[in-house]
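This document starts with one chain, in the form predicted on its own, laid out as structure tokens.
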């Protein structure tokens, strides 16, 4: 009797397992077709001189050519500079905005969250057109009008190697923080009120509450946003492609844009595949470093 009950239970578990796999089958198929297969294909192509009608195996030549390419190292440098300048400021601005929204009533919070999140769902091309107008080198450009109030001359913001990268950094500072703001706000709302009540009893100031309660409680959230922001900045493509095309004099050529140019402008698919895998390895190492040294005392 006991054995038959166990048999029925095993069959039921197996049946549940089949249904479980059936429900995730679509997701697995999509992952296999659009993630796993492209990665595996890129790995194979990186060892080939790729041609549509017949590729030639060339070993590590694509990797060797990449490491000897001065433009590749310049793109790495540009990407690192962009990341260092944009990520910390973006996180700080998102945190400050979330702090300012927190005391508001729920309806007002909803309004501000919608306003700040709206640029995230807007077309990147449309936003770039707005920024091209802002950075217009003519006297009618918004930034040139602004600096004109202080007696400065017009600047060719996107056409000069001295200001092109800084222009992209400003664009990153002033746009697309909606997701980070909402995540920070959700984390702030999740902090137990008893911590603030105990701090009030001890006479703690706003800055003391911020330093001893808020920041430690937000460590997991900050680490998550930091890792994802660094990954996104290493993969930046749209801003450089639409705003400057990587110029002038490759001053804004990022790794993602270089990979795109090699693949679809120069049709060096093998070299582009090798560079994409190198970029993936760099991102993985940087993310591992962040988790290892910044996530030591973070509870998940």
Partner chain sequence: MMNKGKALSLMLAATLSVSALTACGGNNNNNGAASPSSAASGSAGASGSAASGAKDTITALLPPVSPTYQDNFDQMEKDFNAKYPNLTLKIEPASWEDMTQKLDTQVNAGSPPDIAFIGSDGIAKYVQQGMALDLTDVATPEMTGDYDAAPLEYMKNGSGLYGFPAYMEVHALGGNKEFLEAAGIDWKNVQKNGWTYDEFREAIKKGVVKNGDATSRYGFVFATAGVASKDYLGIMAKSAGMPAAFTKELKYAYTSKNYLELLTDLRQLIDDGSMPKELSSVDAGKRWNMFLTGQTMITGKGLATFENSAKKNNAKIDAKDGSAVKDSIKVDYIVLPVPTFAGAEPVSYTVVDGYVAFRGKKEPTAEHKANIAKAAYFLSSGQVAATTNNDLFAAHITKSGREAAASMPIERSADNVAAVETMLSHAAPARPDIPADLGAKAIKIENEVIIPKMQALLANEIKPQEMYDAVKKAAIDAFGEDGIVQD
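Positions refer to the first chain, counted from 1. All values derive from a computational prediction rather than experimental measurement.
There is also a form predicted together with the partner chain; it is not shown, and the following applies to it.
Visitor: Examine residue 267 and determine whether its closest non-hydrogen atom to the partner chain in the model of the complex is within 4.5 angstroms.
Guide: Answer yes; at least one heavy atom of residue 267 falls within 4.5 Å of the partner chain in the model of the complex.
Visitor: Looking at the partner-bound form in the model of the complex, is residue 289 within 4.5 Å of the partner chain by any heavy atom?
Guide: No, residue 289 sits far enough from the partner chain in the model of the complex that none of its heavy atoms falls within 4.5 Å.
Visitor: Would residue 59 count as a contact of the partner chain in the model of the complex, using a 4.5 angstroms cut-off between non-hydrogen atoms?
Guide: Judged by the heavy-atom cut-off of 4.5 Å, residue 59 is well away from the partner chain in the model of the complex.
Visitor: Applying a 4.5 Å heavy atom distance criterion, does residue 171 contact the partner chain in the model of the complex?
Guide: Output for residue 171 is no: heavy atoms all beyond 4.5 Å of the partner chain.
Visitor: Just to be sure I understand the contacts: of 159, 88, 220, 148, which is the one whose heavy atoms reach within 4.5 angstroms of the partner chain in the model of the complex?
Guide: The residue in contact is 159.
Visitor: Sort through 138, 118, 92, 126 and report the residue having a heavy atom within 4.5 Å of the partner chain in the model of the complex.
Guide: Only one listed residue qualifies here, and that residue is 138.
Visitor: Thinking of 42, 103 and 281 as one candidate spot, does the partner chain come within 4.5 Å of a heavy atom in every one of them in the model of the complex?
Guide: Spot residues vs the partner chain: no contact at all.
Visitor: Check each residue of 36-74 against the partner chain in the model of the complex and list those with a heavy atom within 4.5 Å, in sequence order.
Guide: Stretch hits, in order: 37, 50, 51, 52, 53, 71.
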